[in-house]
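Let's start with one chain on its own, the form predicted on its own, as structure tokens.
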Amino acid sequence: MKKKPLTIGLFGLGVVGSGLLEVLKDSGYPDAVIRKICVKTPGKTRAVPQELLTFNPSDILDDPSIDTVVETINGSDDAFDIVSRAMRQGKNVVTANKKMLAGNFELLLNLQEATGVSLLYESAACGSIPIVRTLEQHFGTEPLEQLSGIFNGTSNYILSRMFDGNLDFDTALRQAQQAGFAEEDPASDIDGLDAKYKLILLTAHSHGMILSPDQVPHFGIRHLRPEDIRFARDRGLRIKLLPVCRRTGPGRLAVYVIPGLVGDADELFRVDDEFNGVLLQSDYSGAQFLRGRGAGGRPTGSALLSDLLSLQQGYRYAYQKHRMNGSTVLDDQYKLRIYARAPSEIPLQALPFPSPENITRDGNTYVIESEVTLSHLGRQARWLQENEVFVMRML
């Protein structure tokens, strides 16, 4: 029996919302009708019929003829209000807001249980890569050793331009912004926050553990400099921003985000520009690798469309790993061998590395190699960021 089309209320008409409208139009998908679009700024020219627009969220949330809400706005607090209210009104929700999801995951999980509606967010994870559904459906019960990869297209684009175009960081960032891969305020991307939010979502599906953002240490590429590129290039390596969820023992996980060195035998070595890549190491199936575009309106719009098709088929996440999960804990004593480059005006004894090794001076900077625990790195993260110390994982 043919199901009736979804009637959709769309929140946001920026890059992601516009991308959804583009792919809906180009695909000719007949089973999704945009009933209303809620936007924030009056007087702005928009390429949609005026009668579709509203500035009042209630025009969507309180309309019983709208059965599906698609949320693509920037703010996480407003997004949570929209999503939670829609779910309580019995509406299914599709969202691309990874910060909102990561910061409220347990609340949203409970709300799904209480309301029976579906909350889908493939577009919030890794752009066009169908990783959430892959974890849910193919690896729903199979134990995973590790989930890792490149989850942020903006930072990967910047790294590619620095390696392949010999650009400095600021120039590479400007090019990413001009190409539409970076926001005017790129902090979430270049500081590793965006990758961390995605890692939190995927950890819930891959290992069944619900984490909050303050539990996961993160480092970004804001302080990456040509000296670091040269260090990697001289060794035939590349630098990638790497989110990692790794099983370190029975019921123990190490979860973190940090730039890292990769060699040419690694699948991620050749993932460049705005592309993302996801590596899975499973107990039964072995190694799996998925690659796809991770930034831009159309790839994200494609993931939103995929979620809408799933809703049309009555799909919900089962969260099987979470239901099976027992007493898993974070392993904050897991050790990483790290490279740190610090400005030479910082006294060596002030650097927060308890057992520094191979200390060298390169121009106006010190380079230190050391082995540290995730707990120690997490405690020192703010100091390292404020003092412009670049940190990355060694091979």
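The first residue of the sequence shown is number 1, and the count goes up from there. Here the structure is a predicted model, which means the values were calculated and not measured.
One more form of this protein exists, namely the form predicted in complex with ligand HSE; it is left out here, but the text below deals with it.
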Original post:
Heavy atom to heavy atom, is residue 95 within 4.5 Å of ligand HSE in the predicted complex?
Top reply: no
**OP:** Report whether the minimum heavy atom distance between residue 198 and ligand HSE in the predicted complex is within 4.5 Å.
**Re:** yes
Original post:
So in the predicted complex, does any heavy atom of residue 192 sit within 4.5 Å of ligand HSE?
Top reply: no
Original post:
Within a 4.5 Å heavy atom cut-off, is residue 256 in contact with ligand HSE in the predicted complex?
Top reply: no
**OP:** Could you check which residue among 135, 295, 311, 147 gets a heavy atom within 4.5 Å of ligand HSE in the predicted complex?
**Re:** 295
**OP:** Identify which of 78, 227, 142, 183 has a heavy atom within 4.5 Å of ligand HSE in the predicted complex; exactly one of them does.
**Re:** 183
Original post:
Any idea which of 231-239, 174-182, 262-270, 68-76 reaches within 4.5 Å of ligand HSE in the predicted complex, heavy atoms considered?
Top reply: 174-182
Original post:
Since the partner is left out here, which residues of 153-173 would have a heavy atom within 4.5 Å of ligand HSE in the predicted complex?
Top reply: 153, 154
